[in-house]
Each structure stands twice: as structure tokens, then as C-alpha cells.
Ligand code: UD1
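Form predicted on its own, single chain, as C-alpha cells, below.
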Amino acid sequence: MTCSTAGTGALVLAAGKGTRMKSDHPKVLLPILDQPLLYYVLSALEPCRGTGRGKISSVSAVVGHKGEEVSAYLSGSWPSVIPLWQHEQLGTGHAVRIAREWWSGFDNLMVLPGDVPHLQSSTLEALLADHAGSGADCTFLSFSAADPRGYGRVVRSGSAVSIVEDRDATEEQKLISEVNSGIYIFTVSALRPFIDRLDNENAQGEYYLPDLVGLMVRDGRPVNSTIASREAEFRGVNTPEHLWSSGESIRREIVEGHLSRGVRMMDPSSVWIGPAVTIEPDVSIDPFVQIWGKTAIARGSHVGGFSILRNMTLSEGADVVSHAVLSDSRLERGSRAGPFIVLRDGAVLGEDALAGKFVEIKKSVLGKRSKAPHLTYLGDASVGEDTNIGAGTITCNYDGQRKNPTIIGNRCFIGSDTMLVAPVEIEDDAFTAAGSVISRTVPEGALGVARAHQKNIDGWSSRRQRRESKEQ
């Protein structure tokens, strides 16, 4: 597919297997915190996108090893990113070549790896600006490496610049600390005639992008480099140890960022927060908390220790007591959850509501000022305002084929150990007696009782003791 829109396209190289990771999953989908490796590169590109000069107008990702999984991730999380297939992984130069139909309509093409999670948007913006102002056919990012071994050295001679691979460098050139990052922008009109001149005459039989820069330099085409200030941005992830160390570094940066914006943490070293989480100032977080996904926490809220939140919304003043597992749900203003609670699949605690110890709420609403203090399961239920749910109450919502709704009105009192056999409705101001199995509507203001009458058997205990004595 040829893109007819002028501007700059960005091509992310995400086809590699990552052999050293020793994983069955594509390397770019291995998680750092709660997001795949590829997320961080695409996130760095996002602020650079636009239609003006020096902006990226379209992004594509080259997929290959288990590309169906990578394509599915892009479709679900980054639908504007176009997957392009590299069925044989024959090197970075080959990846650019197979994408030619896509990039041939742009003015410029940025190429970058998909495994550099520390890359910053500001660095890419500087590269875009430098290339736009330099008039070069190729501009690449370089940096000063503390240990340049293994990197291509950036060799300067007057205004000319070239890349010499480590294996080809002289002893003098190996002393150079400025190295190639593997991130480039090519002017498309210059790229077209050179891309087919790449060869694979090397031990790996692959086509490499740095060779493309060498071809341009030898032909006298202008090549420029932008020197980045932070080596850590270009630290790739190639082993499980790299994955761990990158995760720890990013975790620390995220936590420190929230602290600087007014979030309080008793033990920041034990708190894990994902990159897509938003937390307002004046939030308090206890030790050993995990907060993932697109969770949003409003000011004045509290998250208690040993809790795990994913894709949660906490309104102002919400309180997660402790030991809570909460996902895809919402706590309204002043509501309280926990300890030892599970909320999932769209559960909502209304304003000033309480769901307490050993409670699970799934796809249900607990209304304003209503309470389920302990030992309760609410599934596919709607509970009104100012209602009390007694201990041991269960909505029996599954009949073996489908989930059925339970409706509980305002100002109701559900007695302890009530079984609500859905579909069923408890109307406003109604009560249920403790131990009842309710399978029919309880009308407004009524008391629902559904349990066997108590029968006392006199002398039963003594007869039982005599029988057991004879058996011995």
C-alpha cells in the first residue's frame, strides 16, 4: 500500500525473535511493568505525530516472528499503527526494503527499533528538527557510550560523518566513544535508489541499515548526525536481565514522577505503577501496592497496602482499605472498599457506599450510601440507595446457561445468609428474613421470608450419646 500523504513516516522494526530472551513470545510483546516493550517506543512517537513540518504523519511496524500476535496487539491498542509483514527476517535493511510500498509516498522516513523502552519523545523531536534543517539525505541519532564495544563508531572528518562498524574499525577508531543508536531519518527521494544496492555479503547473510549509510557516504551524499545527551535512552532489551533492569528503572522514574506531583507513598520502593496510570495530587498510597492499566485516581483518595488495581477509576476521597483486588470498575466519591475484596467487570460503588471484608462484586452497582459490610457476593445486580446487605448474602445469578439480574431497591434490608435466586427483584423499603431463599419478587415495604419452620426434638442429645456408647 503506497501512502500518498507527504510528510514523515515512522517505521518501527518489531519483527525479530529475540533468541536470547528464550521465550515463545515475540520479544516486543514481553512486558515491562504492565505494558509490552513495543508500547514504550510507540508512546515516545505519539507526541511527535501531526501534519506540520517536522512531524510524523503515519506510523507502521514491521512484524515477523509470531507476527499475528503483534498485529493483534496493534489492532487492539494502537489501531492507527499499520503492521507490515517481513516473513523472512533478513536484517534491518531488508525490513526497510519490504516496506517500500508503504513509505515511498512520504518525503522522509524515520526508522527505529522496537526494543528501546527508554527512548524519549524530546530526543525524537530533536532528530526531526535537525533533519528538517540540515538538508541531509540521512540524519541518524548518535550518543557517547561509556563502553563503545560492539557499537558502530561515528567517524567525523571535517563536516563529513560516517559509521564504521566495530568489526571493521581500526584500533584508533575503536577509541571513539560516539556511536550509532540505530535510529535514522532518510529523505525518501535519496533512499529509493540506495535501498536496492544493499547486499548481504556477511557472515549472517543479512541486510543492514548502517551499510546503507555507508553507501550514501561513499557516493558523496550528505549524511548528518544528531548527538543525544543520554546514553540510557538507547539501552536495548535483549535478555531477561535487560528486561528486569529496564522495568526497575522505568518503575523508579514513574514513582518519582508521581511523588514530585504530590502523591504520598509510605514506601516508594515497594510500589509499582504502570505508565498509563494517572494519579492526582494529595493521594496516599501504602506499601506493596500495584496499580496498572488505565487506572485514574482522584485527589484525596487512599490505596491501602497489598492492593492490586487495574483499569480502575477512583473518585475524590475514595478509600481502598487494604488487600483489595480491583479491576475494570469504579469507586465513586467517598466510597470505601475492603479489606480482602474483589471488584471486577464494571462494578460500581456509589457515593459513600461501603463494600467490606470478603466481598466480591461483579458487574453490579452498589448504590449511594448502601453497604455490603462482609461475606457477600453480588453478581449482575443493581442495588439502590441506603440499602444494607447482610453477611452471607449471595445473588444466585447463574442458572447453568445464562447470567440473570437481581434488582434491589432503595432503603432495603437484606437479612444475613439470604440467597437471591435471579432473576428476582426486591422493591423499595422491603426486607428479607435471615436465612431466606428468595426466588420471587418481594413487594415494596414487605418482608420476604422463605425458610423451613424450626423444629426442636426433645432429648435428642442424650439419645445420641447412649447410641454412641453402645457402638463403642
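Numbers follow the displayed sequence, beginning with 1. For the two forms, the rigid core is made up of the largest set of C-alpha atoms that agree within 1.5 Å on superposition. Everything numeric in this text was worked out from a predicted model, so none of it was measured.
Beyond the structure shown, there is the form predicted in complex with this ligand, which is absent from this document and is the topic of what follows.
- Heavy atoms within 4.5 Å of this ligand in the predicted bound form belong, among the stretches 125 to 133, 287 to 295, 159 to 167, 214 to 222, to residues of 159 to 167.
- Interface membership of N238, defined by any non-hydrogen atom within 4.5 Å of this ligand in the predicted bound form, is confirmed.
- Under a 4.5 angstroms non-hydrogen atom cutoff, this ligand in the predicted bound form has G91 among its neighbouring residues.
- The shortest heavy atom separation between G334 and this ligand in the predicted bound form exceeds 4.5 Å.
- By the criterion of a heavy atom within 4.5 Å, G16 is counted among the residues contacting this ligand in the predicted bound form.
- Only one of G367, G152, G274, P117 comes within 4.5 Å of this ligand in the predicted bound form through a heavy atom, and that residue is G152.
- Only one of P268, G105, G305, P210 comes within 4.5 Å of this ligand in the predicted bound form through a heavy atom, and that residue is P210.
- Although the partner is absent from the chain shown here, none of L343, P373 and T387 has a heavy atom within 4.5 Å of this ligand in the predicted bound form.
- The partner is not shown here, and in the predicted bound form the stretch 327 to 360 never reaches within 4.5 angstroms of this ligand through any heavy atom.
- After superposition on the rigid core, displacement of the C-alpha of R167 between the shown form and the other one amounts to 2 Å or more.
- E178: CA moves 2 Å or more between the shown form and the other one after rigid-core fitting.
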